[in-house]
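A lone chain, given as structure tokens: the form predicted alone.
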């Protein structure tokens, strides 16, 4: 593995999940692998789980870690090529990425969308220029479009907790579990990165996958349909009636996102889409999932989040092992 920016870098996801579960069982077994190697974590946006879990994963592998809030602690960065830098930006990303690549063996980058131009956001300019100019492997700590570490952790969680296990693999023989990604209300404009990424990974997994949201919140079809790979061209089933979508679900993943078509707009704040005990009663004793942070009593009611069906902390712990298995594979390729 050279870089890690999406499911397309993961190779065999069944094997990757199994390796992650081994890392979880024996977290220090590969501690010598990262000796004298340095991971640089570059944040242009806030983080709690991504920052701490990726640091912990690197430490489990024996790596040194450098963390920098580039948006606050570094020079302002210019990302466009061929510009006259007579404005606020003091350093070009070519030099910034190149310098960080001199100091670190692997670089993780976190960069959110600006919601000013969909094309620019979906080009993932910052992440891709780090890949272009740093000269070392780059991992995405969440981009404008995808959050692969979160989605891998989600798949690890589903694999561990699925109600119809056969072998410890998401593609095990036997009855498929039903996974529902549901939109939820939120007071702020949020990106599509988590739902895009979750959809990508679920379409590669052995699950029945449904997305439910109000009309107008359709995601980019590049992430909700699959035209290659083991999914056999399968697409997510889109249902606009949340109650109908939740029926028989084994996992309910609630997440807000803003409109893709009317980019960056909030088209609805319908509180009837909040996940409650009444909504969960429609499911097959489903587990409740969320990537965190979560707005209590807006996205999900306390009665659900504080109940035994909530596995959000289980998901959060698995963020360590999603990062650890990826870092391990990259270290093995250095």
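Positions refer to the first chain, counted from 1. Every value quoted in this text rests on a predicted model; they were computed, and no experiment measured them.
Just so it is clear, the following notes concern the form predicted together with a small molecule, a form of the same protein that is not shown.
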With the small molecule left out of view, choose which of 267, 305, 298, 292 has a non-hydrogen atom within 4.5 angstroms of it in the predicted complex. 292
Please tell me which of 59, 276, 47, 38 lies within 4.5 Å of the small molecule in the predicted complex, judged by heavy atoms. 47
Of these, 305 to 313, 30 to 38, 64 to 72, 284 to 292, which stretch puts a heavy atom within 4.5 angstroms of the small molecule in the predicted complex? 284 to 292
Heavy atom of residue 213 within 4.5 Å of the small molecule in the predicted complex: no
Would residue 150 show up as a contact with the small molecule in the predicted complex if we use heavy atoms at 4.5 Å? yes
